[in-house]
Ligand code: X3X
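Just one chain follows, in the form predicted alone, and it is written as structure tokens.
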């Protein structure tokens, strides 16, 4: 127990140190000739070759330019600094930090966001975009603000997530005994377990060595992640088109920090993040077929699955996930019916 306490204390110390370095105190907001200036650090887990990284870099550059240097955003891809739960916690604590994560990570504070990105919900990208603009989700965004989280965007989509392994998977029984790498989110862990596999949460940086050493048998992710990080080079060349999650990231900043930023700069920041998200979705739609073709040229094979059998196994999660209930699921489905009915 003593060893555990020492490790635990070290982790808390390191976390506190990161908070200080990221400018938790107001001293990191500088004033030059009485003009506002702020530096924010933006973190995510995507590799430098992936579109989300390029998109975040584009946003940071335009915000800096359009605010005449008043708002400076430093981007850190591939988990160089805090990500996942630690990144969102920095936001909640008031650090000068922007977290770019799956909405399920703010679901720890407002459970509706876990339901929003729950399994087997969406048929296409547009349904999700329309949903996050609805009054239903706007109400959830207001709840997040009361928890200290300003949601700058929810619609950085990077494709449907599928099962990537070395076997053909068509039903939940095909995943029996298969260990799949997942992020540390309880939504991901519980969903993969419900689908029939054994979820193994690992940091992205450890995933390739885990695949090569047999610690895991595969992973789940989008075609864009597959081609961008060359997952196929690990020998995992079968993709089961489960489409179990729509891969999406939100962008979050502390309300305490947000309220320090002048309104004119707030508008620029929100506009730029939202503009780039729609641009990224357009690129995604235009590039998907080419990405699939490129993966096939590397020997990757795709197969359809019995979607109903996976839906049957995962729908129960909307009554089992912490803070989530079936009412949230029904609210989302009712909203999606309106969206589908209007098209």
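Positions refer to the first chain, counted from 1. All values reported here derive from a predicted model rather than from experimental measurement.
Just so you know, the form predicted in complex with the named molecule exists too; it's not on screen, but the next bit is about it.
Of the listed positions (160, 76, 232, 84), a single one reaches within 4.5 angstroms of the named molecule by any non-hydrogen atom in the predicted bound form, namely 84.
Between the options 243, 186, 225, 200, the residue in contact with the named molecule in the predicted bound form by a heavy atom within 4.5 angstroms is 225.
Judged against the named molecule in the predicted bound form with a 4.5 angstroms heavy atom cut-off, the residues 173, 180 and 310 are out of contact without exception.
Looking at 286-294, 45-53, 62-70, 311-319, the stretch with residues near the named molecule in the predicted bound form, meaning non-hydrogen atoms within 4.5 angstroms, turns out to be 45-53. Although the partner is absent here, residue 204 lies within 4.5 Å of the named molecule in the predicted bound form, judged by heavy atoms. The closest non-hydrogen atom of residue 192 lies beyond 4.5 Å of the named molecule in the predicted bound form.
When contacts are judged by a 4.5 Å heavy atom cut-off, residue 106 does not count as touching the named molecule in the predicted bound form. Shown alone here, residue 249 lies within 4.5 Å of the named molecule in the predicted bound form, counting heavy atoms only.
Residues of 260-278 include none with a non-hydrogen atom no more than 4.5 angstroms from the named molecule in the predicted bound form.
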